[in-house]
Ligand SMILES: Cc1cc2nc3c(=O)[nH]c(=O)nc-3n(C[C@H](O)[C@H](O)[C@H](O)COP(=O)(O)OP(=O)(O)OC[C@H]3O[C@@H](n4cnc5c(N)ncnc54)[C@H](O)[C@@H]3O)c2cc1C
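In the block that follows, a single chain appears as C-alpha cells, in the form predicted alone.
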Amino acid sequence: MKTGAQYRESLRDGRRLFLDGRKVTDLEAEPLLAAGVAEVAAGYDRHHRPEPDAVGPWFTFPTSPEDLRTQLHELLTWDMTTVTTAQGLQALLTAAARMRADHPEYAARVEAYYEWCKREDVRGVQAITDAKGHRKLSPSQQDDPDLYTRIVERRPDGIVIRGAKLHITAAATSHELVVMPTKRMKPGEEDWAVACAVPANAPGVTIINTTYAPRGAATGEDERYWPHSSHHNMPEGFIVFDDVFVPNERVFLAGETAHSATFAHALGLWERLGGTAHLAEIGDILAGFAQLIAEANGLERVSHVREKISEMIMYATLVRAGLEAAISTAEKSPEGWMFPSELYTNAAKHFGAAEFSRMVRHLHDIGGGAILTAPGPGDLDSAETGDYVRKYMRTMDGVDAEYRMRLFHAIRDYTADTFGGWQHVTMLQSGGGLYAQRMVSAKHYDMAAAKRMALRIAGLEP
C-alpha cells in the first residue's frame, strides 16, 4: 500500500493538465487543486498498512449483503478519488461477469487489470461521457466522428483511440482513466464500441480542469466562510485522447457492439448505489441543519417549520430504506460477487435525486435570507464592526452571533454556493440522470405480477 507521500510523488509523472487556460505542472502548487491532492493523500495515510500483502478496503468485492453494507458505510468516509476507484473496478468486474460467456479473453484482461490496480494501490476514474455533438444523431452520423471516443487505428499489439470524455470527477488526481462506451452502439459503429484503461500521463492525454473549490479560499480568505468546500473538493476533468495508443492487455472491448452498453449498465448500478448512500447521508445533514437553524432563530415550534422538517426526515428515511432494500435483496453471481438489486437501487436513487432540490428549498425557506447575506468572519473580528455584528446577529441566550453566523455560512457553503451548485447538479446527474433510472426500474419491476393482481381484483382470469 502506498503512503500519502508516495501518492503525492506518483502524481509528478509528466501528466498534461490545464486549469483556467493555464498549464499546471505541479498539482500541489495550484491552490485550486491542492486540497484534492491533500484529501487523497490523507486517505492513503489513514488506511496504510506496511504488510506486503495489505490492500485497501476499496479493492474488496463484497461477497455477502453484510459485506456490501459495510463497504457502503466505509465509502462515505473516503475521498471522491477513492470512491470512483472502488465503483469503477466493481463496474469492470460486473461487466467481466456479463461478458465472460461471449468473450472470455476480455473477462480475463479485466480481472488481470483489477489485480494490477490492487497490487499497485492506484486510483482510477471512469471516463464514460462523450462530447456527443448533436444529441439526436448517432456516433456514425455526426459531422465529426471524434465526438464519440473511437478507435482510429488497430495494430497487432493494441489500438489507438481519439475523442474526449466530459464530467470526469477526480481525473487529475487519479493514476488511471478507464474508458467506457457512453451508450449502446449499433452494427456499423464498431469503432465506437471501445473500453480500455489509459494511464493519466499517457502520451496524447490532456486533462482540462474545472473546480468548485472556493476561489476565496485559494487567495487566503478565512476558511470559516468555506467550512466544507475549502477542505473537500475535487477537480472535474475534460479529458482529451489525441491518438492515444493502448496495448492489448489494457483493451477490454474493441468493436463488439453487442456488449457496448454492458460497461455503462454495470457502472450505472454501482454509481447509483453509492449515490443513494450519499443521498441518505446528505438527507440527514440537511435535516440537521434545518433543525439547528430553526432552533437558533427561535422557530422550531412554528407549524410550517415543523412540517418541513418532518418532510425532510421522511425523505432521509425513505432514501435509506431504499438503500437497505437494495442491499438486503442483493444477488450473488457465479463468481461469488454480490450485486445490489437493480430495481431498488434505481428506484431509491431516482427518488433521492428527484426530491433533493425540494429538501434544499425547505432548508433555505427555514433558514432565511441570512444564508446568503450574513456578515463574514472578518466583520465579527473587526474592531470597527464586531460589536454591531455581535449585537444584531444574536437571537437569545445561548445563541450568540458567532454560532448563528457559522451555521449560516455552513448552509450557504454546503447548499447555495460553489460546492452547493455542484452538488445540486451532481445529485441529479450522477449515475446517468433520472430517465436512465426510470428505464432500469421499469425493466426490473415485476409488471406481470402486478397485472395478475389487478385482474384478480377485476374478477378476470389472468
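It should be emphasised that the depicted structure is a prediction, and the values quoted were computed from it without experimental measurement. Residues carry their position along the shown sequence, with the first being 1.
The next section is about a form of this same protein that is not shown, the form predicted in complex with the ligand.
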| property | result |
| --- | --- |
| Contact residue in the predicted complex, chosen from Y414, F59, F408, W422 - any heavy atom within 4.5 Å of the ligand | W422 |
| Answer option from E236, E281, E342, E190, heavy atom within 4.5 Å of the ligand in the predicted complex | E236 |
| Segment assignment from 129-137, 154-162, 346-354, 192-200: heavy atom within 4.5 Å of the ligand in the predicted complex | 129-137 |
| Touches the ligand in the predicted complex: G43 (any heavy atom, 4.5 Å) | no |
| P65: touches the ligand in the predicted complex, heavy atom cutoff 4.5 angstroms | no |
| is_contact(I168, the ligand) in the predicted complex, heavy atom dist at most 4.5 Å | yes |
| Partner proximity in the predicted complex: T70 to the ligand, non-hydrogen atom cutoff 4.5 Å | no |
| Stretch 316-333: residues contacting the ligand in the predicted complex, 4.5 Å heavy atom cut-off | none |
